[in-house]
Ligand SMILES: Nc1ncnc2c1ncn2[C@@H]1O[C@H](COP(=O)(O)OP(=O)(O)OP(=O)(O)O)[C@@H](O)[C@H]1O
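This document opens with one chain alone, in structure tokens, the form predicted alone.
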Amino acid sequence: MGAGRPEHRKLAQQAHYSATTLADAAKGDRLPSLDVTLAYVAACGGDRAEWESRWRTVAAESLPPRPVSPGEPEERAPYVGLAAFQPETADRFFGRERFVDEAVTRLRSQHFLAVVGTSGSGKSSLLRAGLIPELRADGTSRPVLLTPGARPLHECAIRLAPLLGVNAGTLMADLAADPANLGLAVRQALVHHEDDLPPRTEVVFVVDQFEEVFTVCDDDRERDQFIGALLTATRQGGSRTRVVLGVRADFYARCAEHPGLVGAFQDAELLVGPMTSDELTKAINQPAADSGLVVERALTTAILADVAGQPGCLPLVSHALLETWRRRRGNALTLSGYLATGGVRGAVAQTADNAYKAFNDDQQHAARRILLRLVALGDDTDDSRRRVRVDEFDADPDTTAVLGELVRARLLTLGENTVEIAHEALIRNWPTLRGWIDEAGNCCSRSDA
């Protein structure tokens, strides 16, 4: 490496990797992980950016992803990538059984539960692919899943109206008129359908990405109405409503600004921390095994090492595994395939860079506009993704092509006429997008000066 080669034992003290690991990296027999490469370079006084670029070039060329044949659709992949697991992908969701059991147990004895964790800790997946299937399986719970968006009370009305058999607009007006009407509407609906439901059936509102009431909803009145309706429904006498909120930890202070939430959070928090090694090993190996695949032991060991002490890595792990699956050899997911993806830290950037570089100039400009539109800049919090209606974008061919390709690459996800970044991990881990965001933020700062 142009920076010199001190003895590996001395180098290990600076790089925080074993001398054996560094010696293996220096041999050149196989591509070392990006983390090992950069640690080696830093210890040698080399240029990290230059060597990261070299590493990515070699990794991408060493084992490109296999093309997906018409008879082998992407839906068969054992991993979901950046996006959260959904109820329909619960059969691939492993490693969080302990937290799911805890959430179910807590909900049996309390009407309100706040699931709190850092971005990338797996809160959404736990709620969608863990908790909701369990609630449906017990037969006495009717989960109603929603994300607040710009109009949280309106979204609540849309999700609940089919259960009540009423018009969403009418229900919205009732909820806005009196926060007590949400719990009342739930009880009336359950009584109306009691012949078709088990005794004491309850409605469980599962509000994922609750922080959107602060990042996306600009209407203070509707925000307060939404929160008030949820909390009141859980506190009414004879309540048949339970509420679960999924909240990003960096928005905890914003929640504490609302007096009702302060009281509700008392003794009602479930903190989602990192997976243990055993849990992560199960999340890596079990989906592959269920699909008739095997995971090299060296691959599992490498992932465990790469994420050790790194919070919020689960979406990155899932994306790296999806890209590794695309580079599998026969029925085996291999360490070499994983290294070719860029690893946990590099796979997202590599996928995004490849998609972006494939666009022509006009499409690259469109990609920048689209992605910046899908980011909500943080105010004393990390930047967040923003859900936008598809019809709010131009219908020109470049925009359509870019949206389609970014969805195909699983960097964006489509909802009911909406599109959003698959996970905030893309915002944090793709340097190109991070640069655009910083540039846009600087422009805003100059215009405000």
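All figures in this text were calculated on a predicted structure; none of them were measured in a lab. Counting begins at 1, following the sequence as shown.
The discussion below concerns the form predicted in complex with this ligand, not included here.
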Look at the stretches 82-90, 142-150, 347-355, 194-202 and give the one with heavy atoms within 4.5 Å of this ligand in the model of the complex. 82-90
Ala283, heavy atom within 4.5 angstroms of this ligand in the model of the complex: yes
Using a 4.5 Å heavy atom cut-off, state whether Thr341 contacts this ligand in the model of the complex. no
4.5 Å heavy atom contact, Thr232 and this ligand in the model of the complex: no
Mark Ser124 yes when one of its heavy atoms lies within 4.5 Å of a heavy atom of this ligand in the model of the complex, and no otherwise. yes
Let me know the one among Thr118, Asn181, Gln363, Thr300 whose heavy atoms come within 4.5 Å of this ligand in the model of the complex, would you? Thr118
Heavy atom within 4.5 Å of this ligand in the model of the complex - qualifying residues of 206-226: Gln209
